[in-house]
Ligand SMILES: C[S@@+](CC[C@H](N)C(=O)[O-])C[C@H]1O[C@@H](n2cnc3c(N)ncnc32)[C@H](O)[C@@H]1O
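To begin, one chain is listed below as structure tokens, in the form predicted on its own.
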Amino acid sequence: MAPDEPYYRDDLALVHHLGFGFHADMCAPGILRLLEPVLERNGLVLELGCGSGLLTRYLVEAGHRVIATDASPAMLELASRTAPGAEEIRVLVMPDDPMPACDAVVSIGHPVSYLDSEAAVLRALTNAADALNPGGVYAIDIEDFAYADAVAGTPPSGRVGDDWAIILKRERPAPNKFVRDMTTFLRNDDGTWRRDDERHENTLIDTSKIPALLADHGVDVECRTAFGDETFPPGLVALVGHKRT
């Protein structure tokens, strides 16, 4: 993929929307419980890496005011149809695009891990902390080194729907890098199939250093195994906390 091409182009965005909503379904109850104080005061939720709006829809249906953001135009087009009740759905490219002041920042599916260096990942996390109003909720998931330890080197896998299919191959080319090679197939209107390939590189970090980093930005977080009662895969870490008042 050329450097200026976004992750999640049209075909992969659609396949992800159709076949991978289970993560949003799993995370939504825990996220909504964490956000109950925000809902009570009609606060604003900033969602980073909203994808096709699967979590956004849960937030909106629960009554939250939401600004949903993503770096992928294809994902945002889907999100505008999935969660039309969001206050705003727009492009935000981490780590350095301005983040609006908010009363909660949420992110699932580890979009911060898609940044190309540890420095960029940490800058995105601190920028999100700086965007929070006092008392605001911080809830972001991220890949630790243990994530790749658990899945790198496993055999290729796939998923199939009525009009789509995806094949995934995982590898770990460097200690702090985890790569997914994804081939998608989508059925055209005339019954033929089209293929597209994307290679996604994630940056792994030692998440134990994050609480001290965010404390310097006024946010006290814990590294948890999940947002609530759900079960995360090994090495996927939930950063959960609050901005000090």
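Position 1 is the first residue in the sequence shown; the rest follow in order. Keep in mind the model is a prediction, meaning the values are calculated, not measured.
Missing here is the form predicted in complex with the named molecule; even so, the following discussion is about that form.
Student: Where, among 112 to 120, 131 to 139, 159 to 167, 81 to 89, do residues come within 4.5 Å of the named molecule in the model of the complex by heavy atom distance?
Tutor: After filtering at 4.5 Å, what remains is 112 to 120.
Student: Which residue, L59, V38, L54, L214, has a heavy atom that falls within 4.5 Å of the named molecule in the model of the complex?
Tutor: Exactly one listed residue reaches within 4.5 Å, namely L54.
Student: Test of understanding: in the model of the complex, would V93 fall inside 4.5 Å of the named molecule by heavy atoms?
Tutor: Contact with the named molecule, yes.
Student: Considering only heavy atoms, tell me if A71 and the named molecule come within 4.5 Å of each other in the model of the complex.
Tutor: Contact check for A71: yes, within 4.5 Å of the named molecule in the model of the complex.
Student: With heavy atoms only and a cut-off of 4.5 Å, decide whether I108 touches the named molecule in the model of the complex.
Tutor: Result yes; I108 sits at the interface with the named molecule in the model of the complex.
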